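Next up: just one chain, as structure tokens, the form predicted alone.
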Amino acid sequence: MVLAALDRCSVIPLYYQIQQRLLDQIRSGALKSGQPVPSEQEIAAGLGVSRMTARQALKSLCDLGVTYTQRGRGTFVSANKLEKNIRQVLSFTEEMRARGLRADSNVLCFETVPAVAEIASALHAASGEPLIKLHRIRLADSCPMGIECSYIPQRLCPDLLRTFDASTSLYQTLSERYGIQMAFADEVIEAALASAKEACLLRIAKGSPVFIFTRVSSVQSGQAVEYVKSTYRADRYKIAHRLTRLNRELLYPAELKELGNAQVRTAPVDG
């Protein structure tokens, strides 16, 4: 790919000019989702800039979320960000199927562990109670999207370790085999930077932005049955909300309205 020559007399930094030229290629469709962008060596040689300048331009594209890096392979154009569904209690598998993507998992850990204080409190379980821990990398069309770590009281599904295929849908198995159907969930979303371990598992650079989701899912009776902590790539996800505004009568208590009316009535009149 040939990039337009840089304006070396401009006050605009060279790395930014390179970034904008690559952005133009992506926006025009000349560089499509999944395609590699020129390497820092190619950019440096083709435009006569230092490797450091080329590296800065590529990093700035990753910071914008329009590209991503794969260790040992290069930098690629990102797919359009997926809008994380935070209005329904869905499993990763259900979300990906709804988008026409193939969901898969790499299992990191599937075992029984004692409940630590934080998780025991969230699940209303006794400290030290046996929990089934399922730690997985979640993939969509073979691309790692996030890391999920789920905890479920073993008493609810005592033979899950023996019967469940950890690469398939946990929610589907809980529903079909144990009659556990998630009805609602409380979820907290935080922004963070990927640790070295998370970056390695997700194939992103250390310090890349990620979303941290902490969810407690419950059945219709209100019983909490699952605690999940997930780390998702911010370059592949976005969070969207629909916000509504209450009418003025609900925003302001009647007492404040009356006080405001009284102040208007007693205000002095000029002239």
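In case it trips you up, residue 1 is the first one in the sequence shown, and so on. Computed from a predicted structure; not experimentally measured. If you superpose the two forms and keep the largest set of C-alpha atoms that fall within 1.5 Å, you have the rigid core.
Keep in mind that the form predicted together with the DNA is not shown, yet the notes after this line are about it.
- The putative spot formed by Ile132, Arg155 and Lys197 is not touched by the DNA in the predicted complex; no residue has a non-hydrogen atom within 4.5 angstroms of it.
- Comment: 67-75 is the region of 187-195, 167-175, 146-154, 67-75 lying near the DNA in the predicted complex, near meaning a non-hydrogen atom within 4.5 Å.
- Shown without its partner, this chain lists Gln223, Ser39, Ser33, Thr214 as candidates; in the predicted complex, only Ser39 has a non-hydrogen atom within 4.5 angstroms of the DNA.
- This chain is drawn without the DNA; in the predicted complex, the residue among Lys238, Arg51, Lys229, Arg203 with a heavy atom within 4.5 Å of it is Arg51.
- The DNA is not shown here, and in the predicted complex it never comes within 4.5 Å of any heavy atom of Ser208.
- Looking at Ser60, you'd find every heavy atom of it more than 4.5 angstroms from the DNA in the predicted complex.
- Although the partner is absent from this view, Ser218 stays clear of the DNA in the predicted complex, with no non-hydrogen atom inside 4.5 angstroms.
- Relative to the superposed core, Gly179 shifts its CA atom by less than 2 Å between the shown form and the other one.
- Once both forms are overlaid on the rigid core, the distance between the two CA positions of Val225 between the shown form and the other one is under 2 angstroms.
- Comparing the forms between the shown form and the other one, the C-alpha position of Arg73 differs by 2 angstroms or more, with the core used for superposition.
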